[in-house]
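One chain comes next, on its own, written out as structure tokens in the form predicted alone.
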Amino acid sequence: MCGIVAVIGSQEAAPLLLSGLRQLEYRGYDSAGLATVGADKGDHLATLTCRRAKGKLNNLAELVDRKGSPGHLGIGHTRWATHGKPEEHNAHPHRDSSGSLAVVQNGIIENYRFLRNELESEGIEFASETDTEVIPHLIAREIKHLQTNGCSSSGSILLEAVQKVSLQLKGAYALAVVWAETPDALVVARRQAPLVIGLGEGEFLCASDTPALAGFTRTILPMEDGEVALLTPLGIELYDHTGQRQKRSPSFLTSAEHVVDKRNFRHFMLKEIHEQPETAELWVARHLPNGLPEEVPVALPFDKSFYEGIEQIQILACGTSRHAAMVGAYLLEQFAGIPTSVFYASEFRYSAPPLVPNTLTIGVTQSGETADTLAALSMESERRNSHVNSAYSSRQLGITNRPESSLARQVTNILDIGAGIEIGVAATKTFLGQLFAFYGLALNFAARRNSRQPDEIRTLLEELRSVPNQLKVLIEKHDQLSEDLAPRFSGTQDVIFLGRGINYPIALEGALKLKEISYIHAEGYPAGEMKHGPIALLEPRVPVISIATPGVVFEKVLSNAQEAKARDAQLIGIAPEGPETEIFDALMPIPEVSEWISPLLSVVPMQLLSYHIAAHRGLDVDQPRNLAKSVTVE
């Protein structure tokens, strides 16, 4: 969730750090800071300069411009508060008592309270409420011990001290450390949190996500779990958690996806909504080429053995990814005939269901870095592979928008949704990409298992090919329609979303979008459940947004909508135009398509309506309060 940037080289560090942090703003943050190490002009001794500011990155940039932050070595950070309020004294970097050693950290140190009590008993005074501040004090203590024992190389001392402290920390973290006595050394470490080293010409840039490397390099060295690295002008020394030196070749970013450009749109979110037809076009071109065999109708990067012997599927996800997974589960069960369950990844970690043989586990995370999902997948792999019966062995698939992420390094089978980088915290085009991934899986499983007739499969394929053009028309129409509707919600405090069957998850997603960016309380319900409690909430001030698409539950949804209208609720419909849908006070029309593909279209009006309501309220659409793009802590 936090953003980390660290640099060592020949250029001034502060501009590189600020540039990298700007590329990570989309992750969400509430304060920012940096520390640099540079030589003092008077006595030529290296000094550490630390600048921190509450709020937006511009506040930090103005502070650096005004007061300076010299040096070719530095670390930077954008903080999303966990321990301690978003105040300047809690912002990173955090320093030791001497002020000569600084640390930035992404993650949570679970045993920080024990470590803090231990340090306070030794006379250490703390300046923040954060868990991170224990780290510089622990490193400084280890350095003192090493110096006392005669270790003379400053770079080696810092590396060894970080290695020793890493063994004392419990939790998930990525961290970067600088010390004024080692102006030519930077130490970084990671455990269950992403960290990537970018290799430039005579310099290195480390970051928690690849967009921070934009314009710097395409040559990267992703750090593995438990590794610690020493970076100097001479190169990289990489060590595993046991202290063994590692030899590994760098890899390359294969696309320009880490370059951020808002174009002429007011917000990234609006731009990304408008990019969805392109996302759909790319998916169709990549996965539905002509001439595919009937037994594998969708081109996915798996051989035939991937589909064999699977009797059950379980999907692990959080937030918007979970809503995509729920649509996926409907398709896999109802179209492909495979029993499928969806779990909150955060709950699965602590209450996993009993093991069932021949199970495929799918992890869905747009960033590929969601801590709960990665941990749940790891736990499931361990418990399955420890079973004596090979039928219980782990079979896993990851669905992500970041093929260079931690998920891709953890899971053998990866399905890249290829939506391009998404900056807006509220997911839009990545949600669409995840949906398409599940359509591809359901079609291939259905063909392999003969659970659908060939003509049914061909019909769904043709319907999917029509989606890009339908999205283009839909977005252009609803952009203006949603903008016109937005003022109606000026005084709204509660909204109810209704859907049934395959569109129930879309109702949940619509409610989540509205909550995320407009701060209006919203809830999604299966339309048939309205009379079992939620109907008590209805009154003229509570709008009801109902998804009604032709299919087996069409008339049922309209009946449920009538129940809401009878309670004087303002009724907004997402449905085809026609006499049946004249019951709605406002209609957001969508094409009359088969129920199977309706989620790909019904979600768009809700994305645009949520966007325009938030924009009308003058809110920060791309960086809503308290939220982060990548949730890399539990």
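None of these values were measured; they are calculated from a predicted model. All residue numbers refer to positions in the sequence shown, first residue = 1.
Below, we refer to the form predicted together with a small molecule, which is not included among the displayed structures.
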Tell me which of 122 to 130, 421 to 429, 499 to 507, 190 to 198 has residues with heavy atoms within 4.5 angstroms of the small molecule in the model of the complex? 421 to 429
Listed residue (L512, L485, V327, V553) with a non-hydrogen atom within 4.5 angstroms of the small molecule in the model of the complex: L512
Report the residue, out of E203, E227, E516, E275, that has at least one non-hydrogen atom within 4.5 angstroms of the small molecule in the model of the complex. E516
So, in the model of the complex, is L158 in contact with the small molecule at a 4.5 angstroms heavy atom limit? no
Does the small molecule get within 4.5 angstroms of any non-hydrogen atom of S367 in the model of the complex? yes
Does P136 reach the small molecule in the model of the complex, with heavy atoms at most 4.5 Å apart? no
Is there a non-hydrogen atom of T182 within 4.5 angstroms of a non-hydrogen atom of the small molecule in the model of the complex? no
